[in-house]
Each structure stands twice: as C-alpha cells, then as structure tokens.
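First, one chain by itself: the form predicted on its own, in structure tokens.
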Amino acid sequence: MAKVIKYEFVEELMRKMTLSEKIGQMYQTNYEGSAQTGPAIDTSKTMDLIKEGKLGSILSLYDNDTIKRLQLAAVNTKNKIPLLFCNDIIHGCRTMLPINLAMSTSWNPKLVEESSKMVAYEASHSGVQVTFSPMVNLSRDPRWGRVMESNGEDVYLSKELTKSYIKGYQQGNLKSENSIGACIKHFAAYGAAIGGRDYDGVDMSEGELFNNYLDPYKEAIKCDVAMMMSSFNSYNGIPAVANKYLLDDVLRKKLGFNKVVITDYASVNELRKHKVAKDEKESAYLAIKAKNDIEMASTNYLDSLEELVKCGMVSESEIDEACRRVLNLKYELGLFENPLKNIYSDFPKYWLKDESRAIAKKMADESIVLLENDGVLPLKKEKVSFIGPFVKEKKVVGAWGGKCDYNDTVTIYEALNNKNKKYSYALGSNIFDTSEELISEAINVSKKSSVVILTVGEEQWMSGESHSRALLDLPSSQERLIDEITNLGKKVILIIFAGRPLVLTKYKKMYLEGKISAILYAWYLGTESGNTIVDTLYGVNNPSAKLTMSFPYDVGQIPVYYNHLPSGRPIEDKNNTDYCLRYIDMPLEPLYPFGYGLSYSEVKYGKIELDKDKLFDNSKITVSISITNTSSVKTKEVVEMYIEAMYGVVSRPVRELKGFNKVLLKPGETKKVSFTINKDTLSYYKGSKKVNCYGKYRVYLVSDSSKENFVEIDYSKNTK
C-alpha cells in the first residue's frame, strides 16, 4: 500500500483552499504557443483560470518569457501556488541524442544516465520542471510507431535503463537547478497494442503483465520517480485511465506508488469513445476513482468534480488526496521557495555546450549497429561515393525532438568536409520520389568509385506517436535506387535510417549474394549523426551496439521476439517438420535476433565456469567466462547472460535475459566477466504471485540470444 506523504507546509496550504481551487490543481492544459501533442483544445480561458487559482500545470510551452508571465500571474493569486511546467523532452532538449530505441542498443546504462543528466541540464535551464520521459513500455511490434521511444523488447534491459534515465534526470535532488522530475509512461502495457496500432486495446494474461511488463515501473518507484502517466489503451476491456485494477490495486497498493499519476492527452474525454462512459460527468467519476491525480488537456475534472462531490459520488477526501500529491511535487521541486526557478530569457546559453555535444557523440557512437560486413569496413583508401537522400539530410533527429533546431544537426556531407575526406556525391533519390535524371546521375558517379555508400531509410516522421505502419519496407523510390546501384558490381555499403526495425530480408539476401558488402543501421542519431557515421565508416569508431528488438524476416512473423514461450511441438528434427511449430512459407526465426551486432574486432568466448552448480534459497552462484579480443582493434563487447528453465510450475520463455556487462577490450586482451545468480534471478510470476521456481536451469553466456554456450545448474529447496 502506498504511504501517504504529508508536508506541514502543504497541509496548511490545503486548509486555506476551496474545493474548486483544489480541483484546479488537478488540471493541466496548453497555452497559446504550446507545442501540439494531441487533438486541438481551447486554451482561451487559460489565463483566467490562472488568475482564479484554478489551474495547476501547463504542458509544452517553449517560450520562457511566456512561462515567466504565467508564473508571475499564478503566484500573485490568493494562495500563491506556482504552476508546474511540463514538456516532452524525450531524447534531448536542444542537443539531441539518438532516439531512445537506438540508445538502448548501446547496452550501456552508465552512458544513458550521463546522457540523461545532460538533457536535464539543458531542459531545467529552459523552464522545464518535469519531462514526460522515460517511456518504458515493452515493445515487441515494430509496426507500432512508438517503438522509437522505447527500450525494446526485453523487460530486464528496460528495467536497468529505466534506473539510468531517472537517476540522470532527477539526480536524487528535485530542488537542484540542474535536475528535472521524470514521468514514467505509460501505465500499463501500452506497447502491446493489438496489431501495433497506436491507441488500440491490449489483451493479455495477468501472468504476462507481471512477468514482462511491470518491472520497469517497479524500478522507477524504487528510484523515487516524480510522476507516472496512465496509458491510452484498454486492459481487460477497461481503458487504463479508468482501470481501477491497474492504477489503484496494482500501481498504488501492490507496487506502492504514492506520487502523482497524470492522464495522457485528453484520455479522459476518450472514455466516451471507448464506450465505458456516457457523458463528461461519468468520465470524470471513473478517472478519479481509478486514482488519476491530474487530467491532461480535457476538462472533465474541472467541469464535473465539484458537482460529483456535492452529490456524494466522490468524497472531498479523494480530491484532497489528489491535490496533496500535486502540491507535494511542487514542494519537492522547490517551486514554493523559488517559483521562477531557472526561468530566464538567456536560457539558450545553456544549450549545445561542447561537453553536451561530446556526450551526444559518445552516445551516437555506441548506438549505431553493424549488421553485416564482408571486410569492406572500415574504409581504407578506396575511391568512395556517397549516394542517397540522407547524405545531406538534417532531419535525422527522430520524433519527439524536444526543442531541437535541425540546423544544429551535423550531416554526413558536413562531417565528410569537416574531416577532409575525399568523395563524390549524388542525390539519386529523394525520400519518397526519384527521377530518371537523379538515377542516371547516381549511376554515373558510382561507376567512377570502387565503394558506394547508399544512405536510405524512413523519413523521420514515419515513426513516433500515431505513426504505425502495416508494411515495413523502404519507400519504393529508394528501393529502385538500391537495385540500380547494386547492379553495377561495386562494393556497396548500405546505411539505413529508421525509427524502428524494418524488414531487411531483401538486403540480407543481396549481402549473401555479394551485391551488398556491409549494412549499418543508423536509426536516428541526433545532433552528432554525421560525425558518428563518418567516424564509423573510417574506423575511428568501432561499432559496439547490439539490437534490443528482433528484426522480422517478414511482417507476417510479427510479433517476433526472443523470449517467447515454448511450444509442445517444437521442431526437433529439421528433416521432419510436419505438425511442428513453424511457418510453411518463411523461417520461424527473426532475420536478426535480439542482442545481435557486429564490430570490427573478433572476440572469442571461453568456457563457462561455475563456483558451484547447486543453488538454494539462501545461497548464490557465481558464473564466469573469459573473453579475448583476438584482433588488433580495441573494442567493447556486450556479454549477455540468459537463463532457460528446463521445467517448473509454469511454462516459461525459451530464454530470459538476466544480466549483461559491456566490457572494453584492448587488442589481444582477455578479461573475465562474472555474474551472480540467486533465487530472485530465477523467480517467476504465477498470475500476480511471485514464486520460487525450483528445478534445473541452463545458464547461457553469449554474444546474442541465438548463440549456444551454456552450463546447467540445479535450484533446490534448502535442506536441513
């Protein structure tokens, strides 16, 4: 059960407030000049509400002079309650990091924390007090546009990165001038939307919810996250924003969350469209009973809560509970002491500092994934041409670009020139269209080169919120460009920009046929994009990223993810696959598995060592492996630890990630990497109850989820 926090300052203030003023603290809206992040809403009464002391917070304002004017109006009211200013600072404020999915492929929690700390510095000094980040929804369906904002398909990795984001944003001190409050989103299971369709429903068992979706939220609560956002989707037929089981029974009571819960944009209004509420009054009733403290954008609380209290359907103590949490957050942020905290006109001087760009570059370096390489990379002294729509493209930041200015982005073209590289260039194709003239020019330029670098991909707004895709191919104009260039018999390097895993089966086949020599997956790398790509091509940066979402062989496989449940009819004989788990028209496995990624080095894995092979409830096992960099290039290798339960009280996934370690190896260097296994490592939920799962396990220490290198251990009840 969540423990109620009571600050005497807040309690004294609440004793002076009217019911309508308390309800006002539970309302968040836009103002003129705010960024649009949902359906248009009427903001004409925003200033009047501020002056009446009936507005608690503002979202998506970018202009600090406006923020200052509104804050001064708020603190000049009877109760002098400051406004809370929130924004979608997702993967950068002005200095842009790679998209979050790309950052997860770094497998580097410390670097994610360092990067988030940089983001908090820029955001806090530009009038932002709370960011709607991180988004920790487990994402197994690349058709869903918001996978770009996620940590990928694995709950353990997402849990570790969630800690990093919150530590970086909040820094253990919300009153600091360099920190911001974090808002975890979305509670819960939003990433499992049916068909990958944004805002659609979710249908899953309680066991699936507890085993694969809730751990990042639990970790966030342990890190004292400032806020939680309820999600758009329904769960068990009830929209999350009205789902008392999710928000009260699970989040408040079982997980112990006692801070602010905010709805998503106008989601209370949408209860009528979900057909669970007949009118505004019932929408407000359902949302407050589910324990949402702030209604974002829509006005059901503002218009109906007072009436609901007067008729006895909602108690004033329920209003007090929500208002108290909102005021507590403002108190913890230090806004009562300093309502104009970090609100000044010269905030851009805190942006784009050299040290901030250096962090963004380091993050981009560890986020670019090498999928294929026949030895052409890194480039040496070949005659090189750069072709395609992304050579000069500055809009490679990705959705949710914070307060970015695309002019800040370093393109591939600019980086080549800044680094004095010799090359030729042709456009070849725009993102969505080409012409015979553009194709002809690209062919002529390519013919004069020994290596052709083709830059292709999604336009950056093809992913993100409300940008689901049923097909995951490249635009047809770019496909034609690839076909024309690969028919020339040159060494071709494919660089792919995208906010999600795309279907690359055709290009993998071209690689196997020798028509493509290397594939780099660049995602959207942010401000330092061009510098990272050029440094990677020429060997200054040795790629170390590994996939955190499995890449599908075809959309017909989706969802395809590594930690699926076993079947009673697995394929045990590849020569006899009748009546087994399979497709008859394509492989069952993904094109590229979770955890996969190449580098310019070769790392050899040794034999796994155990200090003991039997585990009891009160003991632990240390499992170790020695890895050796057998190449002449220093590298960073991610060692991944998976477990496989051979039997137990419930059917468990074929593999489960339970640890990882990113290790720096000098040329020829050997390092021993160790992990600890205890009963918590092997426990599992049966429904909503966590149980000890005794039995035999395989422990894998491998470079990706498809590799076979394991030892076996026994987990038994303690013996006297």
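Treat the numbers as computed from the prediction; the structure is a model and nothing was measured. Each residue number is its position in the shown sequence, starting from 1.
Only in words, not in the display: the form predicted together with a small molecule, which the text now covers.
Participant: Can you check whether Met229 is within 4.5 Å of the small molecule in the predicted bound form, heavy atom basis?
Facilitator: Heavy-atom contact with the small molecule at 4.5 Å: present for Met229.
Participant: In the predicted bound form, does Phe85 have a heavy atom within 4.5 Å of the small molecule?
Facilitator: Because no heavy atom of Phe85 falls inside 4.5 Å of the small molecule in the predicted bound form, the answer is no.
Participant: Please tell me whether any heavy atom belonging to Leu61 falls inside 4.5 Å of a heavy atom of the small molecule, as the geometry stands in the predicted bound form.
Facilitator: Leu61 lies outside the contact set for the small molecule.
Participant: Quick check on Thr37: any heavy atom within 4.5 Å of the small molecule in the predicted bound form?
Facilitator: Taking the distances in the predicted bound form, the answer for Thr37 is yes, it comes within 4.5 Å of the small molecule.
Participant: Name the residue from Trp400, Phe347, Tyr592, Phe257 that puts a heavy atom within 4.5 Å of the small molecule in the predicted bound form.
Facilitator: That would be Trp400.
Participant: Could you work out which of His186, His125, Lys636, Arg143 is the residue within 4.5 angstroms of the small molecule in the predicted bound form, going by heavy atoms?
Facilitator: None of the others qualify; the residue that does is His186.
Participant: Which of these stretches, 262 to 270, 100 to 108, 539 to 547, 167 to 175, has heavy atoms within 4.5 Å of the small molecule in the predicted bound form?
Facilitator: Contact criterion met by 262 to 270 only.
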